[in-house]
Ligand code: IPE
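Have a look below at one chain only, the form predicted on its own, in structure tokens format.
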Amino acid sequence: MDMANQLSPIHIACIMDGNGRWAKRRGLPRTEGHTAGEENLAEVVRVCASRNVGWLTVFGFSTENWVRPPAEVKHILSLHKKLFGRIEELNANNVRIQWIGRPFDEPSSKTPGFIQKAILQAIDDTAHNTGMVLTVAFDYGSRAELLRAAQLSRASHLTALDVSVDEISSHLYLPSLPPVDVVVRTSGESRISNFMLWQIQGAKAYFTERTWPDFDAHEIDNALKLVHAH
């Protein structure tokens, strides 16, 4: 039987917060926190795949993050290149990778060419996998996504009144992405921060005091319990 048919339909979306706080508590530079966060993301992917989660979407880099100090941005970009380069590990876990964010060919896009190349290569190199789908949100902001979807929908109609919910959905960055079942935010923050605003309608919310580098299998199981609770 195809493994995809055995997957649960659960979609977890994670706002990976607290890398800087994790580093500060240890007297380390913020960059070390981001490195630890990237390493832990690889572990979270493995755990979610072992739990037969169908979709895992993570907020890697937002449209607002470009204003961070240049050295920090450069380090985060290098980590994303590394993340998209974990092909052997992704394939070993039967994980298919995809990306969500401002389209590369649009003037507003800020994704550097070397990251674009890494993203496209990862998508191609994992396309054959039939297990969990890992979606990385990079240069992503929900307002930008919804504005674009509304503009594209409006362009084909005489009046805005003709635009439907289904049409807006069809013009999202990844129309095939299923609704989110549980949105997770780490590090004690209870905000959504412009993340998947359309897709999280009706989703449960799991907030934890743990920073992202300390987010583990126990936390994942707690988030999954919210989905299964009646």
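All residue numbers are counted from 1 along the displayed sequence. As the structure is a computational prediction, the values presented were derived from the model and not from experiment.
One more form of this protein should be noted, the form predicted in complex with this ligand, which is absent from this view; the next part is about it.
At a distance of at most 4.5 angstroms from this ligand in the model of the complex, none of the three residues 57, 182 and 204 contributes a non-hydrogen atom. Per the 4.5 Å heavy atom criterion, this ligand in the model of the complex is contacted by stretch 67-75, the sole one of 67-75, 96-104, 112-120, 126-134. Not displayed here, this ligand is approached by residue 16 to within 4.5 Å at the level of heavy atoms in the model of the complex. A residue is said to contact a partner when one of its heavy atoms sits within 4.5 Å of a partner heavy atom; residue 30 meets this definition for this ligand in the model of the complex. For the chain shown alone, residue 26 is not a contact residue for this ligand in the model of the complex, no non-hydrogen atom being within 4.5 angstroms.
Among heavy atoms of residue 21, some come within 4.5 Å of this ligand in the model of the complex. The partner is not shown here, but in the model of the complex the stretch 181-198 reaches within 4.5 angstroms of this ligand through a heavy atom at 185, 191, 193.
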